[in-house]
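Shown here is one chain on its own, the form predicted on its own, set out as structure tokens.
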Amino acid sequence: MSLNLNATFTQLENFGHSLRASSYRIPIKKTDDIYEAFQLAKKLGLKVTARGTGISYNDASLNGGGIVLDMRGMNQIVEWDPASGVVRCESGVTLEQLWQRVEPAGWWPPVVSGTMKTTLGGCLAANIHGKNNFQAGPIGEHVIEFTAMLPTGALVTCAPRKNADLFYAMISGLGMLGVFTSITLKMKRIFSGLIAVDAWPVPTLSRHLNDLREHAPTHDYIVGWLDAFASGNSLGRGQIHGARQLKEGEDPNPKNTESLLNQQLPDRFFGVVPKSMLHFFMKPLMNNVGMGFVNIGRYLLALRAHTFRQSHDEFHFLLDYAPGWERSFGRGGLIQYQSFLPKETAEDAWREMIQCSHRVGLPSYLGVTKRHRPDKFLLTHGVDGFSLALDFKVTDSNRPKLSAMLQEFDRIVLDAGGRFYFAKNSETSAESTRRFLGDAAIAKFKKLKKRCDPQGLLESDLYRRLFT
């Protein structure tokens, strides 16, 4: 076989820079490249993982000692119909490319992550959720069909009524059944480039969760910030942002607000300091004392309820406000832990988790909450309840203690009937995975994997951690 795949042996990291693995990285520009990479892997006895922009907080796109398919080269928007809002893209297209293509015509992606840098292939593999999960579900519910290359060399097309078992398993399936090549999605109609946001404070965890539940039906999107340092009667305090899309006629000049010129995030703070430098200024504050004061200050600023308008990208893509912000956590990086709890058990479980982090001396520097609903994908994280994402700083000295604490978090979540999201947690074990997914779901997934990948070519560090 001709080895003309331009493979390079390189060290890759997760988004939080807390996990690393060295792999043979192969740039993919067309479907045939994926097939050739599979053949090469068979010849060399190596495992294969697809990777987009590497935005996952854990080891989902790491493959130590194996082959990593760099999918960023398959980045063409193949078809776009502004009349129907249907778009067909290669799997390396990012959310940034997508929204910038469709918004000037009065459309927006139906579900987006907190960063626009994710690829659509990665979005489907993790079945991402957004601030509208409580009504729109995960991104998979808006996929009309997709094509994927299987390790056998077969190119399959899947839709809710065509190869439905593969459709509901490959979306959420971590890229372990096949590699997405093209994705057809239905966009969401919008009538303005602006979104109306209501912001108000919540003084306790009980009020926090109650407001997420009660205000979600009157908004298109809802998200909360939680001060994970607060304790006692103030535990769980924070701020809620509920947002709704403007109705037709509310914006007197939608073509202007929908133009890309009015949608770009500014690259400087106060028009002076480049945002790319922010992590240098943040780094001295990235300790328990500094972030404790930051959280207090943020809550005090949130005490005044107010309503304002933002562009869509300003509201949705908070992680892109300051490029490289994650580097402010230092050499050890960060870990994000996200749990999904039923509405009946969330308050008690999260109270126990936050109190545990205080006792251990490892408080979360950032907490984010959302409202959720169930879905019917095979490896689902959906619940009728809430999610809480917590960011933790990693150092050489605290890593063992942090790992033990997050294992304790897993116990609390599982005892409360909760679930996990495979794009985030990096400490969840195979036993915890079995407990929340159930034996039947895992058996079905492994049966499909044997059918699609009989030689077991597709593996990632995450897959080995959770399923072997």
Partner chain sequence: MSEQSTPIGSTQGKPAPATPLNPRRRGLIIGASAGLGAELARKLAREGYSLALLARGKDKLDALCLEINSQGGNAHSYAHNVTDFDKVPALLQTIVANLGGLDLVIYVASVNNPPGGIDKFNFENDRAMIEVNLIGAMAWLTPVAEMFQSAKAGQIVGISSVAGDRGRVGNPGYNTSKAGLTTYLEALRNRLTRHGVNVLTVKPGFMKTEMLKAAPGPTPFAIEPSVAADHIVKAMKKRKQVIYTAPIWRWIMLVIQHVPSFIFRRLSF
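Residue numbers count along the first chain shown, from 1. The structure presented is a predicted model; accordingly, all values stated were derived computationally and were not measured.
Not on display, but discussed next: the form predicted in complex with the partner chain.
Participant: Based on heavy atom distances of at most 4.5 Å to the partner chain in the model of the complex, which listed stretch, 393-401, 94-102, 281-289, 299-307, is the contact stretch?
Facilitator: Stretch 393-401 is the one.
Participant: Against the partner chain in the model of the complex, would residue 183 count as a contact residue? Criterion: heavy atoms within 4.5 Å.
Facilitator: Looking in the model of the complex, residue contacts with the partner chain do not include residue 183, since no heavy atom lies within 4.5 Å.
Participant: Please check if residue 432 has a heavy atom lying within 4.5 Å of any heavy atom of the partner chain in the model of the complex.
Facilitator: Output for residue 432 is no: heavy atoms all beyond 4.5 Å of the partner chain.
Participant: So in the model of the complex, does any heavy atom of residue 451 sit within 4.5 Å of the partner chain?
Facilitator: It does not: once the partner chain is placed as it appears in the model of the complex, residue 451 has no heavy atom within 4.5 Å of it.
Participant: With the partner left out here, check for me: in the model of the complex, does some heavy atom of residue 438 sit within 4.5 Å of the partner chain?
Facilitator: So residue 438 does not count as contacting the partner chain.
Participant: Using a 4.5 Å cut-off on any heavy atom, which residues of 30-45 would contact the partner chain in the model of the complex?
Facilitator: Only a single residue, 44, comes within 4.5 Å of the partner.
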